[in-house]
Structures are given as C-alpha cells and as structure tokens.
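Two forms of the same protein chain are encoded below as structure tokens; each is given separately, as structure 1 and structure 2.
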Structure 1
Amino acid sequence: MGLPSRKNCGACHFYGGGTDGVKHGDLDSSLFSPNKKLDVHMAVNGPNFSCTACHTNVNHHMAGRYSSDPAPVIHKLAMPKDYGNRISCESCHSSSPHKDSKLNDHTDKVACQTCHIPRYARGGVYTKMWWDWSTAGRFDENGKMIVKRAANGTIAYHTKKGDMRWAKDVKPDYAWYNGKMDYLSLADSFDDSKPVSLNRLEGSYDDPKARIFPFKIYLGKQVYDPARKTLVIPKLFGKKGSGAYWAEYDWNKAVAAGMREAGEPYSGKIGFVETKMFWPITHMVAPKEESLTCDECHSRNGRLAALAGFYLPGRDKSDWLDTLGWIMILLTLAGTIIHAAIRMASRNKQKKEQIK
C-alpha cells in the first residue's frame, strides 16, 4: 500500500474506451515517461510530478472534474496540498504568471491551457476522433471477423465496433467554459435531425467564471430509440442466447436486453444517430517557448474564428471602430506634422534673431 503512482492512474485513465488514447486526447501511455517537450510538469527530466501532485484528495475524494460536480474555478494562488479541491493552473502559478502585463490581461477570459497546450495527442499515440457503431457486425465470406487498418496502423474497421478514425498532434477546438457540464441521460429526449451533444458546456463571454478553454470533440454514431428519441444501453458482453451484441450481432436483441437489465423503457425500435462529446484538454502542457503566439488567435482565420459572441481584435471587423481608428491615426499624423512645422518655424526664427 502507498501513494498511487502515474502507472497506477494511467492503467485506467490512459486506456479508457478500450485501448490506448481513445477518449481524452491528452491522456495516453506516452505520459508514463514523458520529456519536457510533451509535458513540462510530468517530464522525467524535469519536475517528474505524479498525478497526485495536482489531483490531491480529501477522504479519497480526488480533486478534478466530476460528472456530478463542476470543476473547480477558483483562479487564485493556493497550492493543491493546502486545499483538497484546488486544481486550477492558478493554484500554483497565480493569475499573473507572466512578466508581460499584457499577457496577464488575458487570464480573466482565457484559460491557461488554451495557450499552453497548442495541440493534443502529441506523444506519438493516436486518439480516436470518430466511432461509427452503425457499421459494426460485418463478416467476411468465410464468416470471420473483419479487421482493417489505416495506413498509419490504427484500426479503421472492426466487426465488433464498426468504423473508426484516429489522429495525433491535433489542434483543439475552443469554447466558453465555466467548469460546469450537463450530461444527456436516458430520460432526456432530443432532436435526432442533427448531431446530438452528449454533454453540454456552460459558460459565455458574459459569464465572469467562464474562460476560453480547449477541447477534443469526440464524434460518432451510436444506437438509439427513434420512437422515444432517447439514448439506449445495448448489452455488449455475454453468451449466446443472452442477447449480447458481441455474441449474436443483433442490435434489437442487444438493446432489448440492455434496457431490460437497466430497468428502462424501450420502444422496440432502433436507429443510429450522430453524436458529439466535449473532452477538456488540460494535460500535455508544452514548454513556454511553444505556447501560442498572438496571431494564432488574433487573426481573421485563426484558432478562435468560430467562437462567436464577443469582439476579438485582429479577427473581427467593425466599420465604426475602423473609422475611429483611422481618424485617430490621421489626427496623430496631422498633430505630428503641425508640431514639426512649429518647431522648424521656431528654429528659423531663432536663427534670424541670432544673425541680427
């Protein structure tokens, strides 16, 4: 018995979803022994932090983000060990960590991770970006399972799981986030004419607790009840005759068995709906030399091009503001010219008086 090591935590959290790097994008086996380029905090040639250096606990309640509780949003200096749920970057680095005051001006609206984690899945391990369950269940002409691999070596299709797409060194998506998420439950109905969000982020520009935060958006297609327009729980594991999908490859039987065991209503009909899920990116912190430059966000087609609801200099155009800016420039130029003319006239006058 003893304090958990990175190996203990990573055995589950690096392999969640079935194999290495599936879910998170910023957690995979490359973090067992990372260098500074991959993660400045966990680097074996640097601080070599264990997971518990930040994810402290009180009565085994681990600091971090929970499905039932909001993530901590106390953006003030206080070391994690001093307060069991203090896990924001500012806990160690404060809200004014930069020598440049202009950079510190960003911390009230921009999460530290946004600039300091320019890409995720950077350790050489691919993360799953798309998972289509609707294509599962295909066998070859001999009745054997089909397993296809993409050119990069990742599994592109598996009889048990359907089509998949993977990527590495991925640029995050960005959204306003105040630490709270709402999750779609079995009781929640939805509009199945468009992709369904399995979790919904809370926060906006006007929310004082919200900041621009990086995310992996995990896309897929999964079975649902089209009559009730709700999610379902398919039974995957089990013997033949149990209705388990990986035993009989019949979605109707699998969903009926799963919902029956869960004690939930089921219409008897199935369909497949596109889904998306937001996964916060907060690990794989790059060295400060590799953090984002100003123009990667403050430009017309920059990283924040799709983030609406606020004015971003360098990205957005405002006719009245542009006009005011040009007026100020012209007034400044005119003032400089007039000032120079007065100085020259004064100097000429002095010279004439000296000659006399």
Structure 2
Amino acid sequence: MGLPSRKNCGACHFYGGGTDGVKHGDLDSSLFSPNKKLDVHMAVNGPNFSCTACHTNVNHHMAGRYSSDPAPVIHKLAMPKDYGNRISCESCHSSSPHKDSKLNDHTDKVACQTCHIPRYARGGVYTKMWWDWSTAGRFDENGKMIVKRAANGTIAYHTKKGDMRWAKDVKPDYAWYNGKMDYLSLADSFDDSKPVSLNRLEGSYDDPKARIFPFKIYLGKQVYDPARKTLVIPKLFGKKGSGAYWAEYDWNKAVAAGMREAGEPYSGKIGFVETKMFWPITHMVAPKEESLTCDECHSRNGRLAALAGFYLPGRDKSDWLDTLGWIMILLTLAGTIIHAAIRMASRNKQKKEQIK
C-alpha cells in the first residue's frame, strides 16, 4: 500500500471528472502503489515519494498549479521549501542534471517532462480522450438507458454522457508553454467554425521562459450558445421538472435552467461545438533508460513535426539550399563521368592506332 498522503490526495485527484483517470492522463489510481517503471519518484520499490514531497502545501494553495505564477526554473540544487509553494523538477535536480552536456543544452527550450515522460496513462488505467455530449440522451426500444462498451472494456456510449473514447499508454502532444494558462470564461466569445480551445497556453519559441511541454489533448463536443458564440452551463443534476438534463434529457431545458441559476445571459438557442483542452503531463516520470532518444525529435516526422517556428536539426532544411547543393553534386559527378568516358574512348582509339 502506498503512503497515506498519496491515498488522501489521490482520493480526489485520481478521480477528477467522476471516474478513475478521466481528466488527467498522468494522475490515476495506478499511482497508489506504482513500480519504478511507472513513476521513478513515487515507486514503492524506489524513493516512494508522497505527493507532498514535491507539493509542499500551504492551506491547499498547492505548489504546482499551472497558473499566472509559474514555478522558478533556473537554479542549482535546491529543495522545494526554498521556493515557497512553487515547485518544479529543477527545484531538486537543477537545470543541468546530465553528464552529457548536449542534453543540458536542451533544458532551456525543452521541459524535463518532455524527455522523461515518453507516454502517459502507463499504469493500465484508461484516460478519457474524447467526450461527445451531443449524442447523449438516447434510450433503447424499452425506454431503458443504453450503455455500450468498446472492445477494450471501456465505456463507449452512455445515455447520460454520450459517446466517449478512452486510451492508455498514450504518446503526448507537445506545445510551447511558459507555465501560464488562460481559461475560456462564460463571457468570452469564440470562432465556432473550428474546435474551441477551453484553455489557451502562453509561450512561444521566442519566450525565454517557455519550454516545449507535453500535454494530453482532451477533445469533445459540448453544448454552447450559437448566437452569442459563448459557452453555457447546463444543469445536470436535479428532480424532474427542474430542467436537469439527467432527469429530462432535454438540452434546451437544461441550459435554460443552468444559465438562470448561474445568472448569466444567453440567447435561448443552443448548439454543439467541438472543444479541446490541454492537460499538462508532469507525473509518471519514467526510468532514465526510457527517456526520449534524439531521433524521436531530430527526424523529419518525429514527435515535434507539428511544432513550427524554429530550426530543428534533422527535421528542418532549406529546400532551395538542398536542391542547389544536390544539383551541384550531380553536375560534378556527371562531369567526371563524361570526362572519364572520353578518356577511355580516346585511349582505346590510340591503342588501336598503335596496333595498326
């Protein structure tokens, strides 16, 4: 059994979203008593860290929230207590923990988590990747709720929740991130012609505080206000007659009730919009042997293939330079081959003449 602290904290944090591992891809019940392969820090056969070894807390103003005040990054060997309530990998390891100096050269642009968490949800627990609310509310011919399971045993459809997809042992997505994240609020309107980001990451290549960071991208479809182009809050729980979705299965009533209770304006129209949300991946640090190899990033179609705006050796090249270069090489090769051919031909001719 794991430390009491992991049990306590996990009781809430492993079940965020209702079920085990739903939201976070890196916090689920497999971390109650993980082995070293799953998490080198919390491993029961390793350092057996409690959550609070890293999250030194002050009244649940926990260190480690991705917020408008990111953790300090540049420093040598220090402990979390030295940084108030913000922690980072560097708090314990410094930003140059490797013997190989080229790896240390990376830590100003690539987060530790990117190389050290090659995949998330590795403990056997599935995490939810897609949640389509728009298909909820179907009943079978007897008026009973429908629950369908996918081949891997996860729930694929539930009358109360709609369609969903789950996955385990997933390769993260990557984005520039400086530790600050903005959330879309009810007041923000958005472009509904493409998937809406429920949270927006700050940071870019030119931002010295930003690193390439791993994320779980959680996709879905949820109800919104197509006239105002804003999010809405549906009322889910309640008695019949209250408008609650899980009592009457009518989105119009649920949204009307939800928005009335929240005291927020809405147009009276509803629709469904695709959404996406970035969940940072920071737990489940794998043993060092499983860190990303150079080729995972430094190749034409590596993990960072989609991350534009900077030069990455092995992935990028200049098309015109390479074209010109190879044309020059082909011309020199052709030149030497032609020269050699004429030399051979004329030598044969001379030989024949000598024989004559």
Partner chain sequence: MKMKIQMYARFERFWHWLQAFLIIVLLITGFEIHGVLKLLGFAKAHQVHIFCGWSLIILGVFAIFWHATTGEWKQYVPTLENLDKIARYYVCDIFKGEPHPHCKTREQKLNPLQRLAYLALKIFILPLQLLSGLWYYYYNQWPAMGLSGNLETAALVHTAAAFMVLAFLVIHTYLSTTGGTLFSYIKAMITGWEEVED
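Each form is matched to the other, and the largest set of C-alpha atoms that superpose within 1.5 Å is called the rigid core. Here, residue number means position along structure 1's sequence, counting from 1. Since we're looking at a predicted model, the values are computed, not measured.
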| item | value |
| --- | --- |
| Structure that is the form predicted alone (1 or 2) | 1 |
| Core superposition between structure 1 and structure 2, C-alpha change of L312 at least 2 Å | no |
| A340 C-alpha shift between structure 1 and structure 2 of 2 Å or more, rigid core reference | yes |
| Rotation (degrees) of the smaller of two rigid parts between structure 1 and structure 2, from C-alpha fits | 67 |
